Structures are given as structure tokens and as C-alpha cells.
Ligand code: ATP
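The chain that follows stands alone, in the form predicted alone, written as C-alpha cells.
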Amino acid sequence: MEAGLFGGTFNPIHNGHIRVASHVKQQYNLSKIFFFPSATPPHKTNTNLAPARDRYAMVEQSLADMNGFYASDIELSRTGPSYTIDTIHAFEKQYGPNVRFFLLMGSDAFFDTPSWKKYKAIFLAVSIIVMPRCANGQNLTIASFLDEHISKGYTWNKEKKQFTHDRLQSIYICHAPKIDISSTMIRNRVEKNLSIKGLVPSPVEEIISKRNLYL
């Protein structure tokens, strides 16, 4: 089985997250995608970060009726900062060798990986599906980044839109549809008492209102 790992603060999860994940799932024929909210993101000091359990509840309820999408509290069950390499190993331990995992991330996060804990181990452990912000020029930028920061020896396969390496896992480039929704936008609209209908799943609206989040 092949499954995606989609992490983030999800502060809050919105329709853009779900549409992009749906596109990736279809493109790579993934059986499942696990959405896992970060408990304590080591690279973010957002003072407007909703409690982890509230963010998890929004993810869980938003995905409840979506086939192949699952919420995971795997990072919430650990203490301390949420490091991606630890999460990958936890998934591998939980699901065993019969599941091949793909780590989903935007290009901004991808280019930030050298600042992550044991970042080179991530490229050894799982294939990565990168979703660039723009379609033009990103492959060359990613190729230069891989050569400078990860390892020399990556080869680009234009037909498969994939970087391969004889020792490390593959890097896939997925041009997901551009969706002009962000969690920052959602929080700003809530703070200004503006509607977020159509931007987030209905359970997110309900939880934000009921628990007075982002005010």
C-alpha cells in the first residue's frame, strides 16, 4: 500500500488543503493520506496558534466523511517539539514495512528542510512529493537545491516529473491547482468578524465559533 503523510499546523485546516491533497492522491494513486497536525512546531512561534486538540478536532471532523483521508494525532501524543523525522519513524513503526510512505509538502517547506532535525535522514527514509508555488523555473531551482544541500547525483526524469538517486528516495514534483486560500487569511477574517463560509469545511466554522478561536 502507498500512503501520503501531510503535516502542518492546520491553523486551521481549510478547503485549499483538502483540494490539494485530493489532487495528489489522484495523481499518485495513493490509498490513503494521513493529515497530522503539529503539536509544537519547532519553526513557528505563532502567538495565534490554536490549541493542538482544537486543531486536531477541526482536521478530524473535516475529514470524517472523506474516503481515503484520515486524521492522525501521532504528533500530539508525543511531548516536546514535533520533528518530521520522528513522525516518519513513528508511522513506519505503526504500519510496518508493507506501507510505502510519501511525504507531502509545499516548496517553501521543502527549501526549508536543511534547518530541520536530521533532515538528510528524511530524504533517505521516504519519497517526497513537492508542490511548487509556481510552475515555471521550479525544477531547475529544486535541482540546484538538491545538489547543494542534500546530495549530488540526483537525475531528473522529465516524463515522470521525478528526481531519482541511487541511494536516496525519489523526489516527485506535483503541480497542484493554485488555490488562493491560506490559514492566515482565515484567521484574519475571523478576527475581523468576516464570513469564512466556503473557505473551510463546515465543522471548522462550528469549532472556531464555539471555542472562540482566533479572536
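For every residue, the number given is its place in the sequence shown, counted from 1. Computed from a prediction, not measured in an experiment: that's the story for all the values here.
Absent from the display: the form predicted in complex with this ligand. The rest refers to it.
K.L.:
Please tell me which of K118, R78, R133, H89 lies within 4.5 Å of this ligand in the predicted bound form, judged by heavy atoms.
P.N.:
Going through each option in turn, the one that passes is R133.
K.L.:
Where, among 63-71, 150-158, 166-174, 180-188, do residues come within 4.5 Å of this ligand in the predicted bound form by heavy atom distance?
P.N.:
Answer to the contact question: 180-188.
K.L.:
Wondering, does P201 line up within 4.5 Å of this ligand in the predicted bound form on heavy atoms?
P.N.:
P201: no, not in contact with this ligand in the predicted bound form.
K.L.:
Hey, in the predicted bound form, does V20 get a heavy atom within 4.5 angstroms of this ligand?
P.N.:
Yes, V20 is a contact residue.
K.L.:
Given that this ligand is not shown alongside this chain, does P114 nevertheless sit within 4.5 Å of it in the predicted bound form, heavy atom to heavy atom?
P.N.:
No, P114 stays farther than 4.5 Å from this ligand in the predicted bound form.
K.L.:
Might H14 be said to contact this ligand in the predicted bound form, defining contact as any heavy atom within 4.5 Å?
P.N.:
Heavy-atom contact with this ligand at 4.5 Å: present for H14.
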